[in-house]
Structure formats: C-alpha cells, structure tokens
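The data below hold one chain only, encoded as structure tokens and taken in the form predicted on its own.
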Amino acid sequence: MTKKMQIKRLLPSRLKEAIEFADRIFKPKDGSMGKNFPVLFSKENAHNILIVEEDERIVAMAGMYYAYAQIFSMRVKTVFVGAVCTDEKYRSRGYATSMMYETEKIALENDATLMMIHGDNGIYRRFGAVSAGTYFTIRIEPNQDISMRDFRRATDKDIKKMAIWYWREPVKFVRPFSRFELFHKVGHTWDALAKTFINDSAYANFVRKERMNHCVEFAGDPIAIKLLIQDFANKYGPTMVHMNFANKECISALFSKTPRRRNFYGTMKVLDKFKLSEQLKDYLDEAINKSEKERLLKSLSRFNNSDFTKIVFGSTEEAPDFHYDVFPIPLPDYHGMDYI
C-alpha cells in the first residue's frame, strides 16, 4: 500500500536541518540560505515552513512569510513563497504541487489576499500563478562631465534616517524598524550580496548580478536619489535602476530617460479576489464615483483569480481585454531589500 503524503509545519527545533536541506538543493555561493534569508529561516517563522518527510528526513520544503504591501491608502496582506524544493530522489511525486496548494490554504486562513512567488515554472503556472506587476528599468551610464559629490556606504548610525525616508514612500512593503536593522545587517538583496550607499537626503541599495550593477531599492528626496545613483554609476559603472509604477515617472524624468517595461522576477496570484475587491473600494473612491466603482468591481468579479491578477496589477503577458484608467495598480517589488 502506498504511503499517503503528509505535509507538516516545521518545528523550530528542526530549523538547522531545514537550512542544511535548502543549502544542499540551492547551493548558495555566498554564505547559506539561513544567513541570506534570516526572515524566512527564523525560529519565529519556522511554523510557516512546510515540509514533507521520508524515512524521518526532510525531502521537500516550501517556505512562507508575510508582509503588508502599502499601496497609497490601501494595505494588502501578502504572503511571500520561496525555497520551494524537493530532494532529487523524491521528485515527480507531486510534493511541490501539493505544498503550493497547502500554502494557499494556510495563507487564506491568515487573511492574505496576494501571493508573491520567487520563481516561474510549470508547478507555479499550473497552480494559477502568473507573471504580473508593472515594473520598469532605466540604464544609467557614467557621466564624467558631472563632478562627484559626497556619498558613502551606509552604517548602523544611518538606519534611523533611512527608515524614515523609506516610511515616506507611497508604495512599499510595511517594514518595522527592527526589520530595517536586520536587512542592513544581512547585506543581501535579490539573492546577491548588496551594498547600501547614502548621501545627505537619500539612500540606494545596489547588487551586482550577471555582470551588471542594479539599483533595486531607493528612498528619500527624488533629486538626491538621482544624484546618488549617478555618482554610483560614475564610480562603479553602468547601472540598471529598477522602479515600480508609482515612482518610475519621477525618476525617469529626472534622468531624462525613457523607462523600459520589465517582468516581475517571479510569479504571483491573487488568492481571494472578493476580499481584494473590498480592499479596492476605498482606494477607488478617490478616482471614480460610487456607481462606476460598483460596475467596475462587478465586471472584475467574473474573471478567475489569475486573470484578475493580470488585470488589476498589470502584466507583460497576454491578458483579458479589460482596460480601465485606474489599472494597473502599482506594487512594491519584493526583490528589493525585502527579499531576505
């Protein structure tokens, strides 16, 4: 008789075992999964890591943790899903697929309405996740005609003002001060070693991937942000600046650059379109009248969760023929400093 698969929540006492398992699968080049992703692999979050066991060993895993996406006046509880993996000897048994549906069930029980997944593969697509979100990049070249200004690596003493600059951003993940301290200490962003630089009125976080510098998070005075990124490019070389739909107009205009649309580096899925529609009501009050809002939300309700995700947040993929001025709604990008 075939043994029925059982999905369990990780016990904090087995956190080290889970980290060692993730290290074997992902083979991080810099440190370990536990060091690079301390929010996910923490004792406080251990119960949000799902595992499958065979012979009393972990053979499959899926990790979750939660954050609120602040989108102007609206907050959306979001679940991040990552470190989804199966031991090579135990693949093709449906473990990852089953765990994805279990993460959805648990996330809905915890009132999350949006799931952001690190990765894009057949498992996530069959689960109903799509490439969604409206993100942009611009490439900044060194400009030796501009004199270098004072900028430096951020230190622990700078965290408070950096947190205040971030707090003023209209579209962001809600980040407690203690989390900001942790992010700065880890020095790891978007699955790579990161450096944060600062000037008098702004900070910017940079990583180097695929032989290119990337600015993946910034906050502060817009002009100071522009100066800081240009100074960085002058010193370290061409830099790709990553922007969301809310800040791309300002930053692109300051650089006199036309932004280029890019995919979300992963997949996402609205888990409960009805609950998200309720959250949208107050958000839409500022843009359209009551009767128009009711018609809009009623029309949206006929789409499945995947198409709903594409319509509301935008997508570079083929989406249903549904166009409305209030969409897409901007989303923060968790491949910034929050991706730990």
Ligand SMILES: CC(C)(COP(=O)(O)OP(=O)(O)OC[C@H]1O[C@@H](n2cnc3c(N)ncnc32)[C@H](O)[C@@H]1OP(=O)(O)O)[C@@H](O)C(=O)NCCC(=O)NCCS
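A residue's number is simply how far along the shown sequence it sits, counting from 1. As the structure is a prediction and not an experimental result, all values here were calculated from the model.
Keep in mind that the form predicted in complex with the named molecule is not shown, yet the notes after this line are about it.
Among residues of the shown chain, residue 213 is not one whose heavy atoms approach the named molecule to within 4.5 Å in the predicted complex. Using a 4.5 angstroms limit between non-hydrogen atoms, residue 195 is distant from the named molecule in the predicted complex. Although the partner is absent here, residue 119 sits close enough that one of its heavy atoms falls within 4.5 Å of the named molecule in the predicted complex. Though the partner is left out of this view, residue 126 does reach within 4.5 Å of the named molecule in the predicted complex, counting heavy atoms only.
Put simply, of 283, 26, 66, 274 only one has a heavy atom within 4.5 Å of the named molecule in the predicted complex, and it is 26. Exactly one listed residue, out of 209, 105, 179, 91, brings a non-hydrogen atom to within 4.5 Å of the named molecule in the predicted complex: 91. With the partner omitted here, the stretch from 95-103, 224-232, 68-76, 257-265 that lies within 4.5 Å of the named molecule by heavy atoms in the predicted complex is 95-103. Although the named molecule is not shown here, in the predicted complex the stretch 66-87 places heavy atoms of 84, 85, 86 within 4.5 Å of it, in sequence order.
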